[in-house]
Ligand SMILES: Cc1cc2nc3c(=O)[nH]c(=O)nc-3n(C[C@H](O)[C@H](O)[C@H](O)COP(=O)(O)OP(=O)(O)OC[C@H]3O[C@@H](n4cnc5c(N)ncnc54)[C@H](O)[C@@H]3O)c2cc1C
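Given as structure tokens, the chain that follows is alone and in the form predicted on its own.
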Amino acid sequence: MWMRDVPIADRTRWKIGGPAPAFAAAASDDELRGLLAEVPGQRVLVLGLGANLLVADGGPGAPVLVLEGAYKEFEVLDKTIRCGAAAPISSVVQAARRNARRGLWILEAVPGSMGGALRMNAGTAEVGLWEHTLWAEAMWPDGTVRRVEREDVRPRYRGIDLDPAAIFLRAEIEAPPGDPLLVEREHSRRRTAKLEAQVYDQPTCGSTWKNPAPLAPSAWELVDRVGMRGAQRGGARISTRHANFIVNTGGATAADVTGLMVETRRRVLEETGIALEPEIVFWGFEREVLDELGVTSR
């Protein structure tokens, strides 16, 4: 059942954004199919844990749904982990760690849900989740469920080629057994490095910008180089700890965040010739704003 004008800011890590015009939750494929049938022809937005998302102050501008029930579950099998799209990344990663499974350390200390990780091809700069994904199932707006594999989605750095209207349901991830000592050491090393360098004690959505080409400076270096580290607009501030993070210091609006981003991108382009591209997802923004931010797709 769809509810009207539901606040969703608190469901995002940034704690920013206006209400959803319609909101619903689905716990099974049949429920999801039924909800989609009630809003034919409309783009439906799926909200996971809101880890990589900025919602406009006026709201997302489209129906929003969340996945619950079995979609939050996962199972460690002989050589893989089968998980629902709403399963928290942290839970799946810690299960791999406890069971001495190799490979999932690329998601250590990454927030969000597995569906979001599949959509963004989350991971490290070198290795994305789809390099470990055997298959994923997704539902299209007409209720059709299809299984897709690596070659079908052509994964790239922080993205895949798949219809944005397709909703991930579940996936099977390669997770072969490994040496328990080595697996624990790799997880611990990666987690420690992230916790020491990144921001986890304030509302933020992680990396704001994608890293440019391999031979170019990293995004945080570019932001720092043009003097934007620590810059603030309203309640939003570029972190002094990590210049590729924007934090909500209290009461920040989406306009505060995008204002900082537009100014940062302008300075980097003028001073270095490099056009930064956002790593985050935007809901409810006008095309003009997205163009200023360097968003190539919605």
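All figures in this text were calculated on a predicted structure; none of them were measured in a lab. The numbering used is simple: start at 1 and walk along the sequence shown.
One more form of this protein exists, namely the form predicted in complex with this ligand; it is left out here, but the text below deals with it.
When contacts are judged by a 4.5 Å heavy atom cut-off, Gln198 counts as touching this ligand in the model of the complex. Contact between Ala166 and this ligand in the model of the complex is found at the 4.5 Å heavy atom cutoff.
For Val92, no non-hydrogen atom is located within 4.5 Å of this ligand in the model of the complex, even though that partner is not displayed.
This ligand in the model of the complex is approached by Val46, whose closest heavy atom lies within 4.5 angstroms of it. Residues with any non-hydrogen atom within 4.5 angstroms of this ligand in the model of the complex fall in just one of 229-237, 247-255, 262-270, 46-54: 46-54. Checking Ile173, Leu222, Ala85, Ala96 against this ligand in the model of the complex, a heavy atom within 4.5 Å turns up for just one residue: Ala85. For the partner-free chain shown, Tyr200, Thr204, Cys205, Gly206 of 200-234 come within 4.5 angstroms of this ligand in the model of the complex, judged by any non-hydrogen atom.
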